[in-house]
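Shown here is one chain on its own, the form predicted on its own, set out as structure tokens.
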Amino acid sequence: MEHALTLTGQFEPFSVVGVLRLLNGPTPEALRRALDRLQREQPLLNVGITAQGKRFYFTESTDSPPIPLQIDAWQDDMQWQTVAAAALNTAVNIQTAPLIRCTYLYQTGKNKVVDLIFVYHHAIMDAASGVQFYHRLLSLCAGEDVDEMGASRLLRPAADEILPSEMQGMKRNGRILRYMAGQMADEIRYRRQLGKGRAAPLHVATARNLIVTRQLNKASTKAIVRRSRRQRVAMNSVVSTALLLAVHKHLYKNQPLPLRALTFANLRPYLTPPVPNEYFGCYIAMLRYTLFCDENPDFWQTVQQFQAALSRSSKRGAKFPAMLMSKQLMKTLIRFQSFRMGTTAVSYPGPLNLQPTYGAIQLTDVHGFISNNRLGPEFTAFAKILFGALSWDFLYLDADMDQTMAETIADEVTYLLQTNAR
């Protein structure tokens, strides 16, 4: 998976951007000390990436430069979006360690808003380890008594080296072959159902990533979570369906078509041994599902279809072959540039295990974005629950749509969740 993500970054700019919105933020000096300590503890905060032949390798340095920290004056509530969007459209220099940098939009004074913006290469951190990184960073900035972590025990092998027994030896090859056969069969069905219908368009010129955010209030969030439990479906299916149907309605004009949705599986609990969240790395798999949407699809019926697809995929153990084949998928996609990966993609880690306060520091919001490109989905999102409220960080390309359309789709997602929570 790390190889696939690095290939993506060579094709077009590819970064992960995380934003922490705070009140009573730490001083720049306290932030610098916290970053330095985390860098001492985490080996993957001291690496670059080197190409040798057709393979990539992490190159660790004992004298890696400090994590770059830029201090800018905080101006307004929209400034962080400008900084984040610029980062999403800027390539990460993989040869130079470390593969992470920080911008601090800072102002002094009690109860003043500040913004911490992190940009990093996806190969060193996934959502699970990212949340742990934020938690430990804020704890250190607050001066809390946090035990030192030994760097030697925080380095773990890649996911493909610690797969469970059913993915070892000949069983592994059989699982991969079955997965590939299933993908080919899905491709044939998709093309037959699509016919001459609208598919995600290909663009020649590089497109720019732009940002839209939305949030449900706590009451609506509680209601949609409660309704999902009554329906016996996962919230991942609910949020993925909401985005897919919103795009189907406004971008595809409710045409009866097959649409492809991407979602991401956390592999950490299923590896041998399981990988705890405090270990940095990228332990995820990307899964793609095809759903046929008619002219007026029912929300909960479509959620059930999505949930059924997730269940079938899980029973077949598709997450491991999907991870193992990710490099080949990206190589094929970039080489031929003849199709796009899908219509939508949603990353949903669920409720974020973060505290509302760290000493005097108040955490008010968290945002997350992963660069898209012209071979990726038309509309992507990072959805999460923080302090009881479900929020969305949407990303779209200016080559696919204008801001009005993007805002319309984002509003439709909110509307679908609110109206179907009852």
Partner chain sequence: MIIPLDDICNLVRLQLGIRQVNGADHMLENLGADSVDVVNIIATAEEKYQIEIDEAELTRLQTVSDLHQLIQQRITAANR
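Because the structure is a prediction, the values reported are computed rather than measured. Numbering follows the first chain given and starts at 1.
What comes next is about the form predicted in complex with the partner chain, which does not appear here.
Distance criterion of 4.5 Å from any heavy atom to the partner chain in the model of the complex singles out Leu310 from the list Ala85, Cys102, Leu310, Leu329. With the partner omitted from this view, the residue of Tyr348, Tyr279, Phe133, Tyr252 that lies near the partner chain in the model of the complex is Tyr348 [heavy atom within 4.5 Å]. Taking the partner from the other structure, the partner chain in the model of the complex has a heavy atom within 4.5 Å of a heavy atom of Ser314.
At the 4.5 Å threshold, heavy atoms of Arg335 stay clear of the partner chain in the model of the complex, well away from it. Using a 4.5 angstroms threshold between heavy atoms, Arg226 counts as touching the partner chain in the model of the complex. In the model of the complex, at least one heavy atom of Met235 sits within 4.5 Å of the partner chain. Looking at 170 to 178, 268 to 276, 85 to 93, 283 to 291, the stretch with residues near the partner chain in the model of the complex, meaning non-hydrogen atoms within 4.5 angstroms, turns out to be 268 to 276. Annotation for 380 to 418: the only interface residue with the partner chain in the model of the complex is Ile385 [heavy atom within 4.5 Å].
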